[in-house]
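As a starting point, one isolated chain is supplied in structure tokens, in the form predicted alone.
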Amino acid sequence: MPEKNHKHITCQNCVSREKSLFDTFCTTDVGRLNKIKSCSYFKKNQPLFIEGSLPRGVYCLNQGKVKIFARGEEGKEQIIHLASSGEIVGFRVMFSGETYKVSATTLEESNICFISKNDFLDLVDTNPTLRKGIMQELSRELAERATFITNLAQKSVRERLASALVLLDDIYENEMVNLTREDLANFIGTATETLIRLLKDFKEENLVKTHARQIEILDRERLLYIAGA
């Protein structure tokens, strides 16, 4: 795990920046970005922001993972996105002038940089490339949300779990999927008990293997087939 001190993390040597909306910044823009950002160490299960609060700025994930979720009337979470290194969290509400409609909490120990609202909006105003990147990101997200809603409404829980495991395999890259059973259930929109039963079925079918709460993907192609991809 990286040091719990971000004095030595700069935008110039940040590998995650290459996967972010700031990847096309020139040397001058990267230097400006480095001056206006501040970095912090976040513990596991530490909130970045909560639903209903006023936005103060955006969060750039240097390392770690964050769940974006909303709560239903009974307080149950519905996870709508899992953000990983390189992603910028919380920028959408910057343009609406409204409060957050979702909450964001770390899933693991994370290194996260912060840019204030005014500084971020100033960057957007003065950098056409960043504006274009944001428009593309918003368009991509709209398509993803449409797919997400369609899957919840039309696919079985088994299909949704298979689809989620493939997606999580991409997010965790060379690592095993490391989510609590409750978070995974909230991600696919089902009860935890149902999720546990389906995972057992997947294990018996040699699709996955579990190591405590971690999930190892054994047969990605069959999961894709089950997901209907």
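For every residue, the number given is its place in the sequence shown, counted from 1. What you see is a predicted model, and the numbers here were worked out from it, not measured in a lab.
Only in words, not in the display: the form predicted together with the DNA, which the text now covers.
Contact with the DNA in the model of the complex, judged as any non-hydrogen atom within 4.5 angstroms, is confined among 187 to 195, 22 to 30, 161 to 169, 56 to 64 to 187 to 195. Annotated contacts: I68, S103 and K117 are all free of the DNA in the model of the complex [non-hydrogen atom within 4.5 angstroms]. The DNA in the model of the complex comes within 4.5 Å of no heavy atom belonging to C39. The DNA in the model of the complex is not approached by T129, whose heavy atoms all lie more than 4.5 angstroms from it.
The DNA in the model of the complex comes within 4.5 Å of a heavy atom belonging to A212. Although the partner is absent here, E182 sits close enough that one of its heavy atoms falls within 4.5 Å of the DNA in the model of the complex.
Just one of L138, I80, V157, V124 comes within 4.5 Å of the DNA in the model of the complex, counting any heavy atom, and that one is V157.
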